[in-house]
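One chain follows as structure tokens, the form predicted alone.
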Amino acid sequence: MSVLDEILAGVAADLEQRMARTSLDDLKAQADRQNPALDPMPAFRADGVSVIAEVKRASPSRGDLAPIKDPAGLAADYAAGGAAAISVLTEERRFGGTLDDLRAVRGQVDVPVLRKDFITTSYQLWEARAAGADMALLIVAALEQNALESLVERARSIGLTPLVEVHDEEEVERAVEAGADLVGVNARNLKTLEVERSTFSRLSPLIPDGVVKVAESGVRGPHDVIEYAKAGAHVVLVGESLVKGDDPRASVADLVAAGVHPALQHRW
């Protein structure tokens, strides 16, 4: 069993418990009470490179990263540093996150919020929207094609912007077939959990013009932002280096500043 399979098994078990506690109709009612979802795409399509800053306590590859007792406060620092969006891990077993973290962040920031989890059902999309998310991660490797296409469509129908994550050439093709206009290339190999920074530069040319490209994993500092941008990235998603740093606001500001380098303007 792969690491992804193990994670998905745990996610399914936890999801079953949540579904027993909260009906889909209740979730939909909660979602209806939320403000309209924010659209991240105008910022992502602007000149330069946008930054999605992540609230992330742990990961399967690195174990515990940071306790993050105040996810809302951390998100506020990210936003003050210029982050275009905030990503919140909500998977509990391997990443130490919860939907409560997402709710707390939503109540604190005015930028779009991404639910980052292993979403395989429309119930989880409604959970995301009910908690105030504006975006939802869909991992191609975790989904059959019919399910991927259905979830992309369902996400949009309830106001969520789907970020479709890929790891190889076949998955890029599947994401495009599913109609994704926001594609994240994760440089972390799901089998070895190692980061291969060349993954983005290899897959980026296969993603059609007009699709927003997000570089995920492997951003250690401003230099990596510039290198990913040169390879075609419009957005970078950064977690580990931010939560382990001493000054998240300043760290985000440094990444944002790198993203507005004159050489990176007018790339659309």
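Heads up: residue numbers just count along the shown sequence, starting at 1. Note that the structure is predicted; figures quoted are calculated from it, not measured.
Not on display, but discussed next: the form predicted in complex with a small molecule.
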{"item": "Proximity of Asp77 to the small molecule in the predicted complex, heavy atoms at 4.5 Å", "value": "no"}
{"item": "Non-hydrogen atom contact Arg188 with the small molecule in the predicted complex at 4.5 angstroms", "value": "yes"}
{"item": "Contact label in the predicted complex: Leu89 to the small molecule, heavy atom within 4.5 Å", "value": "yes"}
{"item": "4.5 angstroms heavy atom contact with the small molecule in the predicted complex for Lys56", "value": "yes"}
{"item": "Interface stretch in the predicted complex with the small molecule - options 201-209, 23-31, 43-51, 235-243, non-hydrogen atom within 4.5 Å", "value": "235-243"}
{"item": "Sole residue of Ile158, Ala147, Ala72, Leu193 within 4.5 Å of the small molecule in the predicted complex, by heavy atom", "value": "Leu193"}
{"item": "Non-hydrogen atom within 4.5 angstroms of the small molecule in the predicted complex for each of Ile7, Lys116 and Gly218", "value": "yes"}
